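Here's a solo chain for you in structure tokens, the form predicted alone.
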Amino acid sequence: MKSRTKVVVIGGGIAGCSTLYHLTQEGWTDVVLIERDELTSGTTWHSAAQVTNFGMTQTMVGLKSHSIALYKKLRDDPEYPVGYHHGDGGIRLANTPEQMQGYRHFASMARGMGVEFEVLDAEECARRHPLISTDNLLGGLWDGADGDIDPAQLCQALAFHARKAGAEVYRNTAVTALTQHKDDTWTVETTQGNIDADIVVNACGYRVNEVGAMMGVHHPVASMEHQYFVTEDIPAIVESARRMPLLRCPISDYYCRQEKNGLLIGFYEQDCKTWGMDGIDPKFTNALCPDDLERVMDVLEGAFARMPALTEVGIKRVVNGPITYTIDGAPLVGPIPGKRNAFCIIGLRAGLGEGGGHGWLLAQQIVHGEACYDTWVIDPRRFTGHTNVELTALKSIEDYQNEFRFHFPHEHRPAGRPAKTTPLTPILAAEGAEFTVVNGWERVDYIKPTPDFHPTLGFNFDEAFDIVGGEVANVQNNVGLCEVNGFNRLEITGDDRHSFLDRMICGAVTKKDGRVGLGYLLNDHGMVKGEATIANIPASDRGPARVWYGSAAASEFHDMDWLKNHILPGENVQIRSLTNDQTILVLAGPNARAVLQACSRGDWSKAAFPWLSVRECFIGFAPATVLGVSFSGELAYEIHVPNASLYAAWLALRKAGAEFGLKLFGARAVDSMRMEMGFLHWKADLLTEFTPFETGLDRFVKLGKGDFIGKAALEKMHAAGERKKFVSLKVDATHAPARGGSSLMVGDKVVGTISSGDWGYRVGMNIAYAFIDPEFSAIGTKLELDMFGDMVAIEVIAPSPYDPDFSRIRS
């Protein structure tokens, strides 16, 4: 075994083999894979190994398409061919109109990634899969590229080609310790000796947290027992001239695919079971859990009803093995939070089907610092400190029970709630709040009219539409109050804080005490990395002169890592998080200043406290820091309050607001109002796939200033011309908003993709944002939107249709 290498990948399943292979494809050949047993001796060896194009985001569709293309290439490689049944086709069934509408949306989204799905009626489903009944069936989604692959052959082929390129694979070599040095390199201790590496990758499947513990981290990954069985030969299959399509059934929670002349049937039973919660036997290798078919009898009955042929054949073998889940069901692929030169590719519950793509995106991140797609949907930093073992297990059970049931817009499932709350959460609940979830935080979505109010889950505007409109109207005409918890708040101190931020941000950075600015951070490729509010707070009895860096709640770990990793040696900069210590109360509307003046000493007039000011004060007797900023387009204040004083500040604001028509509003109203103002949402509209110029942020870029992260790359990209252009759109529809990912069409050509959509109540307009081919970005250009399979007219409009001059914010 060599003693020095660039990358050590730990784990020899699909995750590790794919990562190793793709590192060599990206040009890094001094790389090593270490496996404690034999390759594919974990979950990989017993995988059902289905390979589909279906995904609920464009990133997931893209990485699955890469997997399929790679697997076809390996299948046809004469040196090391892989058994791959490609193109059998697959159907996802549905028995509700809402599910069918969802499939039409996913078909529209996939078109933008070059993938064509078909939406079928029940009769066509049965024609393509002659073993199924159409009882209680409306239709399904057809993926013509669906198929299955041999797990062991796939991993061995990836390892073969990686070795051929120069990589090395060490089998029967257990990692026993990991030590990180001051220069951020690692020593990997193994049973066969030590090896030093620049970078370590955790690809350890269900043993992920054994290796995580060696790094001093815990990953939100839990394992579930998963059972499938293989039937004896089925006459209809024997006699068929073609292979049966794959089937995934959210109605009865099972899937099936052809296995020789029988079927492989897998179950996602409600009475499911976690595995390995209290540790894993070191000898559990190429092993299975005891069979427990009694546990899946309810699901099996549904499968019998859907496929009567199953009642006439026996079972050849039963497999019950562990598969891994994360809190939201999507994998964790990318940098490990809080660690340098450490990555993971874990929680791959559908590892064989999409592992080729996951390894591809991870290798790009390791080698280039970023992938070709925005990978936030699989980023390990999208979960933060609340993700313990117990919460992960609860969410894993819930995801397992709903394996083929996608999340609807505004659907927040109940397991693991509430994970994060403030002192106001029960107060708001008593006032009728319906809560959404943001990075685990319970945040008000809107105020329900009655306790038993439950809108229909679907893609159309729901029964809360007029309620949200009422909240917006009150903010527009009177004053509203909203709690914004979990907002990422980093305090930056030190003499070099301004020069540090000037290097991190691509535009002008305000340095004046008492003033607030907005800035954008780029990655090394000149693409948008983050958005931050920068508030300069003068020295006081509450602390030294400091900067508050504020960003999206979900960015808590992401932004901390990015900032800390860019502090230069000797630079006098300190960063600490206040995210979980304080909460924002947003006061918005034309009467906001009057309410603030009524409960806080000092002069709050426009002259004394203009837009983009910051001041420490008291709300009643609660200490607070007020920022004159607005996400709603109305006169507004962000009131930052320590959680210990939050209820006191709340009471003072409610009392002061009584005579000014103060009412509560929630996140849905905020999202509607920000769309009317042209304000962007991180990881919906602000993506690492686009430059700030392509994102319409020209006014926030100062190429003439000194050097900043990504400047050289941005100048090169800008000189080459814009690949896409961010635009605002008017949608000619009143029944539904444009959903993120939907395709914009000119004839049969996809020319753009929706990033956000919502109804603008103040302008009476269905508004959407999109990234579009530049030749179609001129104001007044008319196109079509593939909205759930229907072509809907849209028009490019000027941004900020409500108040383009910001006159109400400045009032």
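Residue positions are given as counts along the sequence shown, with the first one as 1. A quick note: this is a predicted structure, and the numbers were derived from the prediction, not measured.
Quick note: we don't show the form predicted together with a small molecule, though the next part is all about it.
- Stretch 342-350 is the answer when you ask which of 342-350, 482-490, 297-305, 626-634 has residues with heavy atoms within 4.5 Å of the small molecule in the predicted bound form.
- Residue contact with the small molecule in the predicted bound form: V175 places a heavy atom within 4.5 Å of it.
- The small molecule in the predicted bound form comes within 4.5 Å of a heavy atom belonging to R207.
- Although the partner is absent here, G262 is not a contact residue: none of its heavy atoms lies within 4.5 angstroms of the small molecule in the predicted bound form.
- With a 4.5 Å cutoff on heavy atoms, V211 counts as touching the small molecule in the predicted bound form.
- Of the residues given (E784, E26, D37, D773), D37 alone sits with a heavy atom within 4.5 Å of the small molecule in the predicted bound form.
- With the partner omitted here, the residue from L428, A159, L361, I323 that has a non-hydrogen atom within 4.5 angstroms of the small molecule in the predicted bound form is I323.
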